[in-house]
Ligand SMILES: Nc1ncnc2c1ncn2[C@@H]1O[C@H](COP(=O)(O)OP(=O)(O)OP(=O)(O)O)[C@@H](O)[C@H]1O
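Read the single chain below, which is given as structure tokens and is the form predicted alone.
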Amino acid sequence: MNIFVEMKEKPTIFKSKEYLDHRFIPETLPHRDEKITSIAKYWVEALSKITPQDITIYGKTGTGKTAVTLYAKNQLEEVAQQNNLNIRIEYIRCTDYNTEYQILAKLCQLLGKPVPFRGWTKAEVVNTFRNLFKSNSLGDDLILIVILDEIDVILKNDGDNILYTLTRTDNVSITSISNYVDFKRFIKPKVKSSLRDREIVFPPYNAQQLVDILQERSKLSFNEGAISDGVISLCSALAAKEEGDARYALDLLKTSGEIADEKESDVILEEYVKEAKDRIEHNKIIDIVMTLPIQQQKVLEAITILTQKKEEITSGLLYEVYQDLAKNDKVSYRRLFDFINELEMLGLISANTISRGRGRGRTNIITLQCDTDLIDKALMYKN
């Protein structure tokens, strides 16, 4: 028998995995009505043919930022279509399109103007985009709302030119989404003054809110009776510890179901959740470490060595060990701090500044936030 046919015919506790994917937008979003309203109160201006205010949305991973924004997008598009209004809302993920050229080329394509992703000058792409509005080819009443998800990626990679271009184009409104509240440090004052955005902050979900989300999704995803008592509460509690990350909660539940299938069990047990947690964290850390630039890997390796020696890791001591590993290919001490910040943002380490007392100044103390054996294994895969 064909292996895929065989796999497809194997018994499973899932009705559909689609509803456990964080990209799925459900008909209701528990505990996010207030945030949907917050976005809607700015976007509603488009229904009166007024370009909406720019919006910036902050929040940790898994707090519903993208889901709520896309939910509001679907709602506004529905009303615009019913009332024959020329409103376009285009979603761009900046991990997929991470330069001004790529984003403007993609927007042109979405608006019906074929622009290649390479080969033109940046000025040609900017002018082509702006001319779409000046020529009235899309209608002189067009209002375009551009959603830039994970905007910090493009700001770090390519600067703030995309914001400048969009804010200086008539009838364009920007909704930016970021996991980091400090991403505006990458924006120059001139561009900030053009942005004039309104900010919406998404708090983490608590354990009970995560229970509500998982219960709703599980009814769509699993056969009746497939989840034993305590499983959803355990997934929610573990995700609540991960800063209220709903994506993590959904991934835990889905992976627990997959483990049940592997064990040919028709019920998910709490022990499968614990196994799923280990599997997810293992895969996540290995994936992150393997994709780090080589110099950041060397810094992480140095932190791992010092952690295994039970040393207090100061930035000075870290740089000494890092230099021995990097040899002639080392970066400056100042650049080391950039790497520390980036590794901290990824959740691999924490860095805290402590006072040594009068006359001794302040010192950075760095702590590894995951198992040293896992880091060693990931670095071994890379090498």
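Each residue number is its position in the shown sequence, starting from 1. Just so it is clear, the structure is predicted and the values come from calculations on it, not from any experiment.
What comes next is about the form predicted in complex with the ligand, which does not appear here.
Although the partner is absent here, E242 is not a contact residue: none of its heavy atoms lies within 4.5 angstroms of the ligand in the predicted bound form.
With a 4.5 Å cutoff on heavy atoms, G347 does not count as touching the ligand in the predicted bound form; it lies far away. Within this chain, E150 lines the site of the ligand in the predicted bound form, having a heavy atom no more than 4.5 Å away. The ligand in the predicted bound form is not approached by K41, whose heavy atoms all lie more than 4.5 angstroms from it. In summary, among the residues N352, T28, S48, S332, the only one with a non-hydrogen atom within 4.5 Å of the ligand in the predicted bound form is T28. Annotated contacts: Q53, L107 and S173 are all free of the ligand in the predicted bound form [non-hydrogen atom within 4.5 angstroms]. Stretch-level contact check against the ligand in the predicted bound form with heavy atoms at 4.5 Å: of 310 to 318, 336 to 344, 59 to 67, 323 to 331, the positive one is 59 to 67. Taking a 4.5 Å heavy atom cutoff to the ligand in the predicted bound form, the contacting residues in 189 to 224 are Y205, I213, R217.
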